[in-house]
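Next comes just one chain, in C-alpha cells: the form predicted alone.
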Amino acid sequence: MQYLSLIYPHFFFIEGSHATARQAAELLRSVISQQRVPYTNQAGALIDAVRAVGEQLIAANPVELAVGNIVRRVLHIIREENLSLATAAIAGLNLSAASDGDDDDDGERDEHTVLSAAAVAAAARSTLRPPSLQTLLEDMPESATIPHTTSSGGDSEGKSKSADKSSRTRRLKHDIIEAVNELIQDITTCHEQIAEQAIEHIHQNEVILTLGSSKTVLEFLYAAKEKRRSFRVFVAEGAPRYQGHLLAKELVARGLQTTLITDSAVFAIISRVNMVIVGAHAVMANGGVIAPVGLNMVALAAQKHAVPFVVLAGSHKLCPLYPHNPEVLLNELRSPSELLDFGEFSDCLDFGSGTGSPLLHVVNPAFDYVPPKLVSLFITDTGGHNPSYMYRLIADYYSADDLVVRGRIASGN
C-alpha cells in the first residue's frame, strides 16, 4: 500500500475530531477499494487490510480517539455487509425445495429454515477462521446450488462458479464502500443534524453557558437563533489556549448576545444560567466524557446549582472503550509555553538545584474527564439520549471482536 506512506504522516498535523474522523474514513475507503481479495474469506482479507492500516493511524495520533472509532466502525461495516450477503445467499438456495414432495413438507421447510439460520450464524462467527463462508457455500450439495443445464458440460459449470465468485467479490466490496460513503456523509453533516434539534432544547430568554470553542456548539446556538429564539450566551474563555475568544467572536458575528468571562468566574455566574451546553472530545462507553480542560469544573458547578449539563457529540465521537481500558490515552500534556514566558521564568527553570531536575515543573493537560453522573443529556446526530443509554447506542456501531485493533490479525487466528 504505497499510498499509505504519503497520507499517513498528515495525521500528525490534523486537529479536531471531525476533520480527523473524516480523513480516516476516506483513507480506509481507499484501502478497501484497492485491496485485492481472494475467492475465499473475502471479508477476512478486508478486515486484515483495514486493521493493518488502522493500527498505524491510531499509533500516529493516539490521543484522537475518533481515529480508532472510525477504524472500528469500518470493521463493523465489513462484518455486517458480509453477514447480509451471506443471509441473502443462503436464503436464495431455497433448501426447502429438496423435500421431494413429501407429505410433511411444511415440517421439513421449518427444519431447513432453522438450519439456514444456524448456517448464517456459524458463518458470521467464523468470518475470520476457516472454513470461510464461501467454502461453506461451495460445499453445498449440487441440488442446493444454482441449477445448471447438463448440456453445458464441466467447463460451463466451472465458468459459472468462477463468475459467481467474482460477482460476490464485487458485490461485497461495492456494498462496503457504499456503507463507508454513508458513514463519511454522516460525519460531514453531523453538525447540521445536531443543530436541527436546538429548537427543542433552547427556549426564549434563557441564559446558556459554554466553555472553549466547538463548531458543534456554534451551529447549535445559531440554529436556535435562526428559529427566532432570543437568549444570551456566556462563554468561558478556556485558558490557556483561550479558544473561548474565538467562539465569542463567531457568536457575535452571527448576531448572538454574548458575554465572555474568565474560567474562574464560572462558579460565580452559574446561578444565573439556565443550561450548560458544551462539546466533547470523546464519549466513552460508560457515558463519561473526555472534554477540553476546565469542563469538569463547569460540570461540578452545574451539579451544585441543579443546572442541566448538556453534551453535544457526533456519532464519530462515541467510543466503545471505557476510561480504564489500556488502549485509551485519556490526556495529553501540552507545551509549558502556553502557560509561561520562558524568558521571564528562565531562572525558575534552571537546573540549579544540583539534583539534575528543574526547580519549577509545569503541567498543562489538554483534557478533563467528566463522569457520567455529572451529565444530564447527550445530543447526537441521532437524537437526545440519557447517559445510561449511551452504552446501548454505542453497541449498535461496533463489534465486540474489534474493540482491540492493535496486534490482532485475522489470518493469524
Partner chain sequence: MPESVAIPHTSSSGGDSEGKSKSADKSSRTRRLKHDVIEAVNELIQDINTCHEQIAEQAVEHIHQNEVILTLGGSKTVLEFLYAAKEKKRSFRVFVAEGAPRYQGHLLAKELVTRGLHTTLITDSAVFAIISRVNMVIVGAHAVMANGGVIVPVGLNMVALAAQKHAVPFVVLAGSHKLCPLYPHNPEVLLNELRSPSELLDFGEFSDCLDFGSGIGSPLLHVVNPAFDYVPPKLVSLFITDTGGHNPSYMYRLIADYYSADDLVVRRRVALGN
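Residue numbers count along the first chain shown, from 1. Nothing here was measured: the structure is a model prediction, and the numbers come from that model.
Quick note: we don't show the form predicted together with its partner chain, though the next part is all about it.
Just checking whether N274 would be counted as a contact of its partner chain in the predicted bound form - the rule being heavy atoms within 4.5 angstroms. It does: once its partner chain is placed as it appears in the predicted bound form, N274 has a heavy atom within 4.5 Å of it.
In the predicted bound form, S335 touching its partner chain (heavy atom, 4.5 Å): No - in the predicted bound form, heavy atoms of S335 and its partner chain never come within 4.5 Å of each other.
Touches its partner chain in the predicted bound form: A306 (any heavy atom, 4.5 Å): Although its partner chain is absent here, A306 would touch it in the predicted bound form, with heavy atoms inside 4.5 Å.
Exercise: E196 in contact with its partner chain in the predicted bound form, heavy atom 4.5 Å: E196 lies outside the contact set for its partner chain.
Which one of these stretches, 314 to 322, 285 to 293, 249 to 257, 201 to 209, sits within 4.5 Å of its partner chain in the predicted bound form when only heavy atoms are counted? Of the options, only 201 to 209 has residues within 4.5 Å of the partner.
Only counting heavy atoms and a 4.5 Å limit, does any residue of 367 to 402 reach its partner chain in the predicted bound form, and if so which ones? Residues within 4.5 Å: none in this stretch.
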